[in-house]
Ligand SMILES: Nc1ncnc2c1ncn2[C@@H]1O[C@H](COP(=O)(O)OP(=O)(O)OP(=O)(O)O)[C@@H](O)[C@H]1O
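A lone chain, given as structure tokens: the form predicted alone.
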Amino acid sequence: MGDVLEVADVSVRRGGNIILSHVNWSVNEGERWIVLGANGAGKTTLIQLVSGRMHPTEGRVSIIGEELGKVNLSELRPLVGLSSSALDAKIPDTERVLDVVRTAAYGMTASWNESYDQEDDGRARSVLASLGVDHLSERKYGTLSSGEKKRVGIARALMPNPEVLVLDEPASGLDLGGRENLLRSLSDLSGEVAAPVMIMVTHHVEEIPRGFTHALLLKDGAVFASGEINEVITSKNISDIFNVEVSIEENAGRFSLRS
């Protein structure tokens, strides 16, 4: 049983369609997980479950020992930091970057009449620094590049000091430089002693940061493979879940692919 996350025989159905089918998955303290699969494999639905944004049709989801359906979600959600393009899109372009991060302490996407103390300011500046974007704190969010917005979004997810950090395709839409800067930041973060458990969703093995320890492969809404990353991210497994013959190579903790 996972001491951080436990997904036990979970299925999700919507409108007669099976999105996830009898999924079992355990995540323990100190692990860094990649969730990988083709479009429609069920990745987004699984992430909504483990971030407390959705309940399963069948089965049980436990987050930090609390079972969905038996706990107040307003108390549970601060324990799971979520960074996604959908959340980033809700942030007003006119918002100052420091406020983009600070408002996460209140579960808001824009500042209103809330007040902050020095501890809030210090925390916000600290998480911005951990992602290498503290120099942007006084900029307007709308003036940032796509890569800068991604890192500010992750800093925002870290603001409440969560037990779990969930990253939903953080490198999507980035050019090569933006992707590599982001992956470097995630590698640095994963190596910090006080870093939360990390779960990152991606379509591409090239986007797996150094320092990630485990991988979960999904295919057609079911678990195809799960375990230590070097045993799961293999040429055969990746070929099978994407239905195309590929060759995977690993070098110094980074993966590459040839068809």
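Note that residue numbering follows the sequence shown and begins at 1. Because the structure is predicted, anything quoted here is derived from the model rather than measured.
Form predicted in complex with the named molecule: not shown, discussed below.
Trainee: Looking at 37-45, 204-212, 55-63, 191-199, which lies within 4.5 angstroms of the named molecule in the predicted complex, counting heavy atoms?
Mentor: Among the candidates, contact is made by 37-45.
Trainee: Find the only residue in Glu169, Glu148, Asp99, Asp88 having a heavy atom within 4.5 Å of the named molecule in the predicted complex.
Mentor: Contact with the named molecule in the predicted complex is made by Glu169 alone.
Trainee: Within 4.5 Å, heavy atoms only, which of Asn251, Ser247, Asn17, Asn24 is in contact with the named molecule in the predicted complex?
Mentor: Checked against the cut-off, the match is Asn17.
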